[in-house]
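A single chain, nothing else alongside it, follows as structure tokens in the form predicted alone.
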Amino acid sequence: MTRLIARAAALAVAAFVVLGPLASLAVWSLAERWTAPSPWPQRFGLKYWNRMLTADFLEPLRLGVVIALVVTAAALVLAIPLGYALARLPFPGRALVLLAFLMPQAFPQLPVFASATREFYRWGLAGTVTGVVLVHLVGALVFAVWTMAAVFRALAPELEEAAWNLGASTTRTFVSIALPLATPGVVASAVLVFLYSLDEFTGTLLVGAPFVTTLPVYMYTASQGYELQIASVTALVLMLPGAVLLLALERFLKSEYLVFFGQL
């Protein structure tokens, strides 16, 4: 009985920690009038949700999705062949290549992106969508390359070896055998990169401001202006694709892939 009570209490605490902030966001998003010292809004309504249908909100949403799709496509184009090479082809410096893709995450993001911003201004890329795509790729390739390397290492090499023994080239073996088998891993990598780009804030603010505004930057601007209702609506909208895609990620990210994460 004591054990059951302890488990129920632990679940209640976990639910409060997880759902408490979400409940606060939901209340703020519906609060049309909330003045101190009232502990509860004086008037509820959908006024701020209706503002989602305006260009002021839809343009950052559209731009953020477009940037995330471009970053996802570019990251996969680079990471799939590189991940296969790192998993299957022995070459000098392989471990250093993998470690190099961890460097952007090895240090705090603010100094990394601030240093990159200086170079982007020098090359005329600051304040452009191209610049934001490139700065997103810095972090996105960490997820894409390590995921794809783990995916290809998880595949049994016997089919590829049989193709090589029958005279197939490395390229043909990759296209006709390895890549189809790795499709679930490619989808999982795409989901990770898309979510990273959609939610990326620091690099977007430093490189894209004031001309490129995505939803995280829009939410930050709203909160700085004490428009807490708009910031709450934006946060809830950002959470929706994340929740849906994370459910998809659970389906495609197989346990055998995780075994090879972090292995050089």
Partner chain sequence: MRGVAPIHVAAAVKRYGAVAALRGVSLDFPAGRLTAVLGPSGCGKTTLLRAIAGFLRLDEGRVRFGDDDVTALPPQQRGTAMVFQSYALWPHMTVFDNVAYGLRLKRVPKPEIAKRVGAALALVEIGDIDAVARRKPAALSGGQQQRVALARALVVEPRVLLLDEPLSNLDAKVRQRLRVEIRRLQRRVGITTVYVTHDQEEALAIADRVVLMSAGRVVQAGTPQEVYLAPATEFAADFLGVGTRLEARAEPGVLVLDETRQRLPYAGAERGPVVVVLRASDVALGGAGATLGGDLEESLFLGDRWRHYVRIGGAMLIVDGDAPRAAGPVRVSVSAARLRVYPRQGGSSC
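Positions refer to the first chain, counted from 1. The structure displayed is predicted, hence computed values, not measured ones.
As for the form predicted in complex with the partner chain, it is not shown, yet the points below apply to it.
Next item on the list: Have a look at Leu166, Val77, Leu110, Leu96 for me and say which one sits with a heavy atom within 4.5 Å of the partner chain in the predicted bound form.
Entry: Of the candidates Leu166, Val77, Leu110, Leu96, Leu166 is the one lying within 4.5 Å of the partner chain in the predicted bound form.
Notebook entry, point to check: Here the chain is shown alone; which of Ala114, Leu159, Val129, Ala100 has a heavy atom within 4.5 Å of the partner chain in the predicted bound form?
Noted result: Comparing distances to the partner chain in the predicted bound form, the residue within 4.5 Å is Leu159.
Next item on the list: Using a 4.5 Å heavy atom cut-off, state whether Ile177 contacts the partner chain in the predicted bound form.
Entry: Output for Ile177 is yes: heavy atoms within 4.5 Å of the partner chain.
Item checked: Heavy atom of Arg172 within 4.5 Å of the partner chain in the predicted bound form -> Yes, Arg172 sits close enough to the partner chain in the predicted bound form that at least one of its heavy atoms falls within 4.5 Å.
Next item on the list: Report whether the minimum heavy atom distance between Ala73 and the partner chain in the predicted bound form is within 4.5 Å.
Entry: Taking the distances in the predicted bound form, the answer for Ala73 is no, it never comes within 4.5 Å of the partner chain.
Notebook entry, point to check: Even though the partner chain is not shown here, does Val187 get within 4.5 Å of it in the predicted bound form, heavy atoms only?
Noted result: Looking in the predicted bound form, residue contacts with the partner chain do not include Val187, since no heavy atom lies within 4.5 Å.
Check: When the partner chain is placed as it is in the predicted bound form, which of 116 to 124, 129 to 137, 151 to 159, 83 to 91 ends up with heavy atoms within 4.5 Å of it?
Finding: That would be 151 to 159.
Item checked: Stretch 181 to 211: residues contacting the partner chain in the predicted bound form, 4.5 Å heavy atom cut-off -> Only Leu181 sits within 4.5 Å of the partner.
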